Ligand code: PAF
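Next comes just one chain, in structure tokens: the form predicted on its own.
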């Protein structure tokens, strides 16, 4: 397999994309934080089918981690990531340093008000501000036609859709369905943190969402009863519920399994 190039600077990225544009080629973009898995490969495959060239960014963004979160131990595996995205059809990897993304004197941030304070945003203050800021910068650097995001991070996708609408950005966001393990666990880079026993317990989150969806189909169900059904289903599983909610046509939930925070959602 031919290894694809790894671009480290904004200037080198601009030269690469400009060359493609001169040839009249379309560009797809998959932003990631690395530690890639088959869920990311699905994003790259979709982008590669729908565009002439595809760039995958690998950047662990410090702005979206809180002071007690896992920035320092977040898994980093660029050589393996490079191979995975090359096999999925990517044309290049953009892997800037933190200093390249946030040079000395950087003090501008982007915030999508209201929606960023709900659910994950309530428990991770500043998280979505960090996400919106880095994604806006990446969009400006890559200048892709389309950007691909997994539906597992549903709130994130909706925030970014609002951002590009409000700021008139010339990029289309493409949602890609959640990729799951055979037992139903949504693929996530943080699954690597789970112990063997925790990994066996983890599919209970998807099962609880299914219980909530079953409740949602009852004639007299309400958002509160749906969320309560999720909480009941998780009782005794080892997962500690952070939130369960009906929002934007989805049933969302976050729970801790040991020190690992898992999120998932299902359409209603």
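Residue numbers count along the first chain shown, from 1. Everything numeric in this text was worked out from a predicted model, so none of it was measured.
The following text describes the form predicted together with ligand PAF, which does not appear among the structures shown.
> Just give me the single entry in 94, 154, 149, 119 that has a non-hydrogen atom within 4.5 angstroms of ligand PAF in the predicted bound form.
Contact with ligand PAF in the predicted bound form is made by 149 alone.
> Only one of 226, 33, 27, 234 has a non-hydrogen atom within 4.5 angstroms of ligand PAF in the predicted bound form; which is it?
Selected residue: 33.
> Using a 4.5 Å heavy atom cut-off, state whether residue 134 contacts ligand PAF in the predicted bound form.
Residue 134 belongs to the contact set for ligand PAF.
> Please run the contact check for residue 51 against ligand PAF in the predicted bound form: heavy atoms, 4.5 angstroms, yes or no?
It does not: once ligand PAF is placed as it appears in the predicted bound form, residue 51 has no heavy atom within 4.5 Å of it.
> Please determine, with the chain shown alone, which of 60-68, 211-219, 197-205, 236-244 has non-hydrogen atoms within 4.5 Å of ligand PAF in the predicted bound form.
Checking each option against the 4.5 Å cut-off leaves 60-68.
> Looking at ligand PAF in the predicted bound form, which residues in 73-100 have at least one heavy atom within 4.5 Å of it?
Not one residue comes within 4.5 Å of the partner.
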